[in-house]
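One chain comes next, on its own, written out as structure tokens in the form predicted alone.
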């Protein structure tokens, strides 16, 4: 495989004593940025999260140390202060450190917390953005988060707070009223409670919902359902985290935009919104 350096780009070097907070994208290694790949090829230590695909880790420099720092709900996980302290320690040991996170480090990735810990410790760092699962992962399911004929706004919401509960600090009625498309991260555990809040806020029970599990990986699964039935259907289908949930009429577009399905021989609908319009009329 060619190196990013072979493309004639003037990419910065990952220097000893530095930490690069890097997004690995939603799963498929092909969605890595050139900067992320450049960092992987230089790092002495890669501190990675649970959602980073093993194929991405395989791109690390031979001899690089791989340190797991993943968090998974309901399982023993490293504490965030411990992870931040470890990054500081590695940098002070003059290691070239790549902190690798699924998706984008600043989109529900706690990258801001780690960056501020590095600032407090006087450790130099770089942010390497990645493709967030709430955009790239849904694109792999054939679901655009915006569409000119459907929505001009989208709201990204975390499905749990720091205590692991439904984030009741949010104005759910306002989200229900004002967000034509809602994308939920880490929401599978509380999907029933979140759906209840949105229904109470006025969202229709028949509104299209898609649950995309293990997005942009070989194990991707897509469940298309409705807001009223999504929690029950996800349980019945055995959908497991990691999963993204998208609520809104853009889900209907999957009928025409499921490009992965088309590669497997599925016939696509050139006018998928027609089905939505028909259901609303009758």
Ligand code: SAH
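Numbering follows the first chain given and starts at 1. Computed from a prediction, not measured in an experiment: that's the story for all the values here.
Note that the form predicted together with this ligand isn't included here; everything after this is about it.
At the 4.5 Å threshold, heavy atoms of residue 242 reach this ligand in the predicted complex.
Although the partner is absent here, residue 47 sits far enough away that none of its heavy atoms falls within 4.5 Å of this ligand in the predicted complex. Using a 4.5 Å cutoff between non-hydrogen atoms, residue 108 counts as a contact of this ligand in the predicted complex.
Although the partner is absent from this view, residue 212 contacts this ligand in the predicted complex, with a non-hydrogen atom inside 4.5 angstroms. You can rule out all but one of 213-221, 30-38, 229-237, 251-259: in the predicted complex, only 213-221 has residues with a heavy atom within 4.5 Å of this ligand.
Put simply, of 154, 186, 115, 90 only one has a heavy atom within 4.5 Å of this ligand in the predicted complex, and it is 186.
Using a 4.5 angstroms heavy atom cutoff to this ligand in the predicted complex, all of 51, 103 and 133 count as contacting.
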